[in-house]
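Next up: just one chain, as structure tokens, the form predicted alone.
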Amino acid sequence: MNTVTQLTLYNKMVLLRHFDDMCRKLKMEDLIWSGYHPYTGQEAVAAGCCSQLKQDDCLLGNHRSHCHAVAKGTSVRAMLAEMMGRQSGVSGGLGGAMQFIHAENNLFCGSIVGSNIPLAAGMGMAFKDQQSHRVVMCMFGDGGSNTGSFHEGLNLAALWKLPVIYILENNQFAEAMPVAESVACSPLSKRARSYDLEEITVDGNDVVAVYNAVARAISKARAGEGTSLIEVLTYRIRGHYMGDPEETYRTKEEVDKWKEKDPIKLCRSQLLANGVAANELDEMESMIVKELHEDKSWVLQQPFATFEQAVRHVWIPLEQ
């Protein structure tokens, strides 16, 4: 990978880190009304995966798709407005952080664990029938790989060689359940054997490794060569949700150990070794922080979604 591409990915990860941190603070102030799940520590996955998609490619997300959306190209303002219930949000402020769509960016998000996996197969079937070069990327966690829909969706996608890239974002926990206590096999990519797919597991904290693995899978899908399942090993630094009693299922020592593998620190050290100046990276980060504060100020001035907007999209009888 050339330095320019890696610098772009670093920029995206830094944006996601500060955006997510801002969301956490807004949630603590009760300014984000919907559910919110922190993404800290997983930025290399969103940046390495979603930023490679074209606008007309589809992305199906899950619990932490506020960062997936921004990585694919949704503006921070539109995503933040959605999370804060404002009319200028991607779904008019009606979907929140976990039930939104962004039609212009071909992004769809739902919170039912594993439900997006067979939907991705359906979208992939449509793209194949249309003989287009569009692809579908489906993001889900280790918990999602334990659902029946995982096996149904993977089987059909593999059987029909659909242009779908399944990203198993293994952050080590299905809410409070450690993956080692809920899955019999390791790595989780072994499950690809059941569907005659290649076993692919990459370091999800190394954005270059993630980017390269996903680039190959996207090329394969566009060429009509079928489905890929990629397990990206990462770690959820913060709790599953705000107020998560983390001490019941993991230790501070474990979290601190994973903090040493921070994807942004790793990428920064690689860039410095390749001759990028530290002050250039610092100035870039300062600009990101400045723009995020401007985005937040803008969203706070936007009108809230209304009841009339909400029922405008619901089928109701005309007569009682």
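Each residue number is its position in the shown sequence, starting from 1. Everything numeric in this text was worked out from a predicted model, so none of it was measured.
One more form of this protein exists, namely the form predicted together with a further copy of the same chain; it is left out here, but the text below deals with it.
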{"query": "a further copy of the same chain contact at A215 in the predicted complex, heavy atom, 4.5 Å", "finding": "no"}
{"query": "4.5 Å heavy atom contact, L159 to a further copy of the same chain in the predicted complex", "finding": "yes"}
{"query": "a further copy of the same chain contact in the predicted complex: V183, any heavy atom under 4.5 Å", "finding": "yes"}
{"query": "Distance check, S145 to a further copy of the same chain in the predicted complex, heavy atom within 4.5 Å", "finding": "yes"}
{"query": "Candidate stretches 150 to 158, 216 to 224, 163 to 171, 67 to 75 - the one whose heavy atoms come within 4.5 Å of a further copy of the same chain in the predicted complex", "finding": "150 to 158"}
{"query": "Stretch 192 to 210 - residues with a heavy atom within 4.5 Å of a further copy of the same chain in the predicted complex", "finding": "R193, S194, Y195, D196, E199"}
